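Encoded as structure tokens, the following chain is the form predicted on its own, with no partner shown.
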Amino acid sequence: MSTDSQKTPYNPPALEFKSSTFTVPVLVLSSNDLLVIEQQLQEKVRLAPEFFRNSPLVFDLLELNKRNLDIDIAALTDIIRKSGLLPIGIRGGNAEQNKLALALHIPVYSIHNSVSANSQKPKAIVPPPEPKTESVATTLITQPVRSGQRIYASGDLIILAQVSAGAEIMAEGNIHVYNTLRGRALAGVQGNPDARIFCSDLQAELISIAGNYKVSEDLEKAVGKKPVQIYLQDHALIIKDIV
């Protein structure tokens, strides 16, 4: 007696996991004074509101724990959210801090030199380190910056590929894009009025230097398809051909 085999219909998977890399700003705390943290965080957000609006953020407590300074995780989270940022992770926390973060549905990120839950408290108060005077390194990006990516550089930022629409690049120093610049570019974000933006083809949604910005509607069509530099003069953004 023969039996006809039934073919099982093929259903493509509805999802899959893939490894990927995302650039997320990290808030490194060196003080547990919540009032100071809130004030300084709001000041930084005001310098580049378009970059920080609804931005994911990881807060780093490693330096606080090195100095044996505790902090209210719930209050810190509220401050971050009030500033328009979205806390998505904690890094450098001890066991109790990580537990409190998880209770607030904030994931724990590992760090190479994370604080051990059993680490002993220092016998004496360690004074804060003296400010460092070394130069800040330049950040070099060789791959295209895709839509949705956010890149922050503490010095100059050099990008050798195109910056796509919907991407955001941000630097405390100058920005160099040796390709088409779409998306948003913010230079001198810590208030440096001497910072500049250089690009081979300006098609940006927004450009900003030290908090002074222009959107795409304000950019002249004549500046596209050729190398330009952007700098600040009398609180106005100047776009000039590079000859």
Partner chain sequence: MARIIVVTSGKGGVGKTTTSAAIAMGLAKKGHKTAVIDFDVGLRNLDLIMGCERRVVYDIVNVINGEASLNQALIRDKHCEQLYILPASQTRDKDALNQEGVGKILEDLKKDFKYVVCDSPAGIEKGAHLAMYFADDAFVVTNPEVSSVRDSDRMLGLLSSKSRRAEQNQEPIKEYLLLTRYSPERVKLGDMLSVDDVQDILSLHLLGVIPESKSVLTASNSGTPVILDEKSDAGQAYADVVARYLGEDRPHRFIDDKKGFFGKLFGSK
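Not measured: the values here are computed from a predicted model. Numbering follows the first chain given and starts at 1.
Below, we refer to the form predicted in complex with its partner chain, which is not included among the displayed structures.
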| item | value |
| --- | --- |
| Close approach of residue 225 to its partner chain in the predicted complex, 4.5 Å, heavy atom | yes |
| Heavy atom of residue 166 within 4.5 Å of its partner chain in the predicted complex | yes |
| Contact of residue 205 with its partner chain in the predicted complex (heavy atom, 4.5 Å) | yes |
| Interface membership of residue 162, its partner chain in the predicted complex, 4.5 Å heavy atom rule | yes |
| Among the candidates 77, 149, 83, 98, the residue which, in the predicted complex, approaches its partner chain to within 4.5 Å (heavy atoms) | 149 |
| One stretch from 139 to 147, 101 to 109, 169 to 177, 84 to 92 that, in the predicted complex, holds residues within 4.5 Å of its partner chain by heavy atom | 139 to 147 |
